[in-house]
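Encoded as structure tokens, the following chain is the form predicted alone, with no partner shown.
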């Protein structure tokens, strides 16, 4: 029996030759041979049991497509997690524990927490994507990281269709990374994530990093008055992201294309000779990057905002055909009209080469290129 025949005989919702540009906020991509939607955990179990007979077919797991760049079509199966729901599973005097399905929209989850006066993810508002993608990327913004509130996740092993629970240490969270981007990449499918949120008092203390994070200060003064509430911070973050980042209603976009880069203080001194005004931020030992070169294990590091470098090198607002860099943020590659995935990749590679030629730094893409 062919995969097409097996899918037809199943109760799964699927399509053949599905245009991928419809399923990526970058708006590029050809067709997937098979596109399967997972609405419930039972759907995922059914699919994995079916897939055991077709493991020669490549499998791609997709959320909302807000971090996936399709270079072309996909000769295999795209599995989209669209299961939704938020469930309260525990509560005490200080905390509430929520379990959210992998296909649940992340921003809607943050809004749910804020509406219920639960603190821990409010600075992560308006980040596109799903609950299932959040721990994979270990998303972070404005002084907050999803791992701060993370408790555990449930995931199904693709090869066995068995469900396993991962706690925080097992996820091996790192800067914009986790075990699911490395050792366990393409081996598990996340079905739900559990977060532990703190019950907030009516107002956020002035000393809270949530409200005192540098980029939030000015916006908070515009949109609210002290003492600030969780909703004030939530709305301030949304306002910042709307002002700085391209919106999917206007452009094809995946948000930031590159992660910020860690360099040694010695490398910083070298760069300051060429870029006297270069921006950098100190980091503590917990933030240090994974080191391939063990000779640097005792070195001191700083974090360089790659967006600053790209803007300094003239990439902000640049366009080549219908692919370019957003006029307000040099980290954001956009499409403004018909384009191919390969055109986006070519543009991105030009940006990377430009930074390397000027600084010797090999910047790293944040998006998943398929």
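This structure is a prediction, so every number in the text was calculated from the model and none was measured. Numbering follows the first chain given and starts at 1.
What comes next is about the form predicted in complex with a small molecule, which is not displayed.
The putative spot formed by 61, 65 and 190 is fully lined by the small molecule in the predicted complex; each residue has a non-hydrogen atom within 4.5 angstroms of it. In the predicted complex, no heavy atom of residue 233 sits within 4.5 Å of the small molecule. By the criterion of a heavy atom within 4.5 Å, residue 255 is counted among the residues contacting the small molecule in the predicted complex.
Using a 4.5 Å cutoff between non-hydrogen atoms, residue 248 counts as a contact of the small molecule in the predicted complex. Taking the partner from the other structure, the small molecule in the predicted complex has a heavy atom within 4.5 Å of a heavy atom of residue 128. Note on contacts: among 223, 141, 86, 271, the single residue with a heavy atom within 4.5 Å of the small molecule in the predicted complex is 141. When the small molecule is considered in the predicted complex, only one residue from 194, 260, 137, 119 comes within 4.5 Å through any heavy atom, namely 137.
Partner contact region in the predicted complex: 182-190, out of 161-169, 260-268, 109-117, 182-190, criterion any non-hydrogen atom within 4.5 Å of the small molecule.
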